[in-house]
Structure formats: structure tokens, C-alpha cells
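Before any questions on how it binds or moves, here is one chain, the form predicted on its own, in C-alpha cells.
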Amino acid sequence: MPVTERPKPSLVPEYCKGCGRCVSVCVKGCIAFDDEINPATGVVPVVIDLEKCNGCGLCIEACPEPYGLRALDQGEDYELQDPAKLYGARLSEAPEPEDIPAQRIPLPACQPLVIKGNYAAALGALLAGCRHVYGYPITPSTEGAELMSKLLPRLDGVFLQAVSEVATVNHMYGTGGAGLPCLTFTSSPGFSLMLEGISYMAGAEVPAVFINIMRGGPGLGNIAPEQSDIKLACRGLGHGNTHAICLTPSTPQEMLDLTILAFELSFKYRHPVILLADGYLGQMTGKVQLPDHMTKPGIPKWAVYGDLAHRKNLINSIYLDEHDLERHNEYLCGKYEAMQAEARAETFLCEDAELIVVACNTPARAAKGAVQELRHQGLKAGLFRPLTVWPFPVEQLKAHLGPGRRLLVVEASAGQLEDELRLALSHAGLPVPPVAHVRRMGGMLPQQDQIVAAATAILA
């Protein structure tokens, strides 16, 4: 029997983009926006009052999304279909992407350079294959960005002074998402502004390297050196479940070496990596030996590179379904657990030490001098120097702990390094030995004589 009544529209909310075109063309005013987000799409669909509808069909014609609005006969049912089936095969199906491996390029032997720590980190990034650097000037890190701005245009690279640190980290999100090594130089207040973007990058598994030349705080503080961001880098990288490997050099040579390592680790784990140095180390001049090779980066198969081979790839940190987000966080936790294998430390005279001095960055240099002085006095002291503060090298420290051993934590902050030490021991189920400390703040660094005096009092 023929249908005499014009069919009225039926909405499939999963296809509705919430563009509102149907709302504007409906002469009866029977279409309006809903007041709730559709959890399957993340947008607000429309709702239709069929009592007012006269079945004119203008809304169906206006709908840009096929099958978002469809004219249904009375009583007809509709089953949601896969768009790939509705529209058929793509005109050009891309093959599955494959990794394009990095290449190792030999370098000629050369004499050591005598350069600043910031310059050493910049050269390390270039040797690691980084050709994309974004940043906003901030003392005491600016020299690294300045050198990159001079060198990268000659190397077919890109240096962009962003309008802010917030813009910087989002430029890095795009570049890292394309599978390309990228870097920024910043300092403590600027690093704070990047935290939301770092959280996005961790959730979306985007590699990048952040060189943070720490200065005094809180707030703008001053431009003098301080280890003010250990807590921030280890425990506060944006909202949610975020950690990142945090490397802590103490010489210009390590600024170069650990920057190269940072890029290796960032692509190994598809994750941001932080290099924490204090203001003195960024400005300090020292001898730096270049390696015997450099890296020409490849393109990982997961990259959103913008070509045919990678057109199917997607980088995303949004999971609207609670179960999906929980599973993603569980996956990230597994990655963080795997990163524990990257914990690194260097020891000096710890084998028979009764007192172990724990220090990193520039304070570790004064601590090493203090240990040598204590040994000259016949006192058994040693230096334990974390090269990563997250993950903290607790297994390496465990090997030097025992009955009667004591710890002296030397740092340019109000206990941020000591907190990481204590937390790592607690998580490892290890007893915390007696811990003393030497602390300076506000741009003042611990001095060798202060460390010697504190250690002598402990060992007396």
C-alpha cells in the first residue's frame, strides 16, 4: 500500500557533527541543539521534535553528513553501518608503513672544543639529528637557542622563536608527531608553562627533548642557578598520569653526551625526555670532545608524516570512553615500568665508604672535591651521582648501602633531591639509612668547605 504521508527525518546521533545547518533551514523550528555531549563523538548533536515536523525534507538536504539525517518510512528500522562499507574502498589504498631506520654517519677526528654547557647541548642535538628547534628566550638558557638560530638555516633546518612557551610545546607536538627529532631550550618559569603540552605529548606518545636550565624560584625568582625543578620534572609533568626520563649532567661534556642520549631514549619510548641542568652548568665553559659519528634520523612507521605511506596513522591523547582511557593509562604505566631500566648513576670511592654523599648537576662537582678532601683526612666518604633523577637509580645505590652506612644529600634546593631519594628507597622496600643534608637556595650553591664540615661532623 503506498505511503501517503511524507516521511519525517530520523537522526543518527553518532553521525551528527552538530554543525547546525539543519537547525537554520527548519522553517517549523522543530530542530534544536541537545544539551548533552554525545560520549561517542565528543560533540553536541541536535534533537528533533517530530510533532512539529511537516516532513518537508529541507533538513535532510542540508545535512552534510551522509545518513546523519535520513527520511524513514513509518515503522522502518535503521541499523548503524560502518562508513567504510557505505562509501566503498578508497580510491588509493596506502600500503602499511615501515620504519625508515636512522643512519650512522662517521665524523672525522677533531680537537676538543672549549664551549659553554648550553652550546654543548646544542651541538649534541645537531649530532643526534635534530633539525627543528622552537623556543622563547629565557635566561640562563638563551645561548643554546641563539646558536641553533645561527646554525640550523645552514643545515636545511628550522629554528622558530615562538610567541610563548605554550606555543613552543605545541610546535614540538606537531614536529614530534611527524616523527622528527625536535628540541627546546628553556628555564624554570618557561618550563612551567609547557607542562600541559608535555602531558599531551606523553598521552599521545610524541617524542621530544626539553632542555631545562634551572634557575631560582618560586615564581620568576632570579636568573641564578638552583635545582628548583627536580620535583616538577619528576612528579609534576602536567595533569594525569605523566612521567618522563630526567637526565642530570654535571659537566659540559655530559651536556653534549646526555643530549644525544635524550634523543635516543625519546624515540625508543615514543615519549618526552627532560634534561635538567642548573644555571651555572648552562653558562659554564669546559672541554668537550665530539663523538666519532652523527645520526641522520629516519622516519618511524607510526609517524603522521603527511605522505601516502603514513596516511593511515593517527596521534591522539583523547579517550572519551572511561574504559578506553583506563586501558591507555595502564599501557602508559607499563611503559613507565620499562623506563626503570634506564636509571643511571656514577659512583666515586663508594666501595668502602661509611658516608655516601648524594649530589647531581653542578653541586656534584663540589661534592666530589669534598670527598677527595675527606679521603685525604682519612675519612671514608664516597660520591653517588644520579645521572637520572627519574627513574632514580635506587638499585645502583642499594649496592652501596649496608650496616653503618649513612647518607649526605647535597643540593641547591629545599630537599627536592632528597625527596626523590627517600621515595625511591620506600618504593623499593629498602630501609632508609640516616640522612643528613647540605642545602642552598635562591641561586647559592653548596660549597666544598660546607660539605666537608657537614661530613666531618657526621663521621666524627
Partner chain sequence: MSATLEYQAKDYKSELKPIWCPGCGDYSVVQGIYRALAAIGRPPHEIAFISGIGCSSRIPGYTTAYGFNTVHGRALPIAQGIKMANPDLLVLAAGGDGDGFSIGGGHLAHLVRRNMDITYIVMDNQIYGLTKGQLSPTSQKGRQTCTSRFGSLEEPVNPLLYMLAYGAHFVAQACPTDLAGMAAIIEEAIRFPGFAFVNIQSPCVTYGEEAQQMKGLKAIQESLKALGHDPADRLAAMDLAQQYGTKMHLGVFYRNPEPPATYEQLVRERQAEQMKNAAPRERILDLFIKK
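All values derive from a computational prediction rather than experimental measurement. Residue numbers count along the first chain shown, from 1.
Absent from the display: the form predicted together with the partner chain. The rest refers to it.
Stretch 157-165 is the contacting one of 180-188, 123-131, 157-165, 300-308, since its residues have non-hydrogen atoms within 4.5 Å of the partner chain in the predicted complex. In the predicted complex, the partner chain stays beyond 4.5 Å of every heavy atom belonging to W390. For the chain shown alone, I138 is a contact residue for the partner chain in the predicted complex, at least one non-hydrogen atom being within 4.5 angstroms. Residue contact check for A71: none of its heavy atoms lie within 4.5 Å of the partner chain in the predicted complex. In the predicted complex, E146 approaches the partner chain with a heavy atom inside 4.5 Å.
Of the listed positions (H239, K287, R327, K150), a single one reaches within 4.5 angstroms of the partner chain by any non-hydrogen atom in the predicted complex, namely K150. Contact with the partner chain in the predicted complex, judged by any heavy atom within 4.5 Å, is made by just one of A224, L193, L332, A204: L193.
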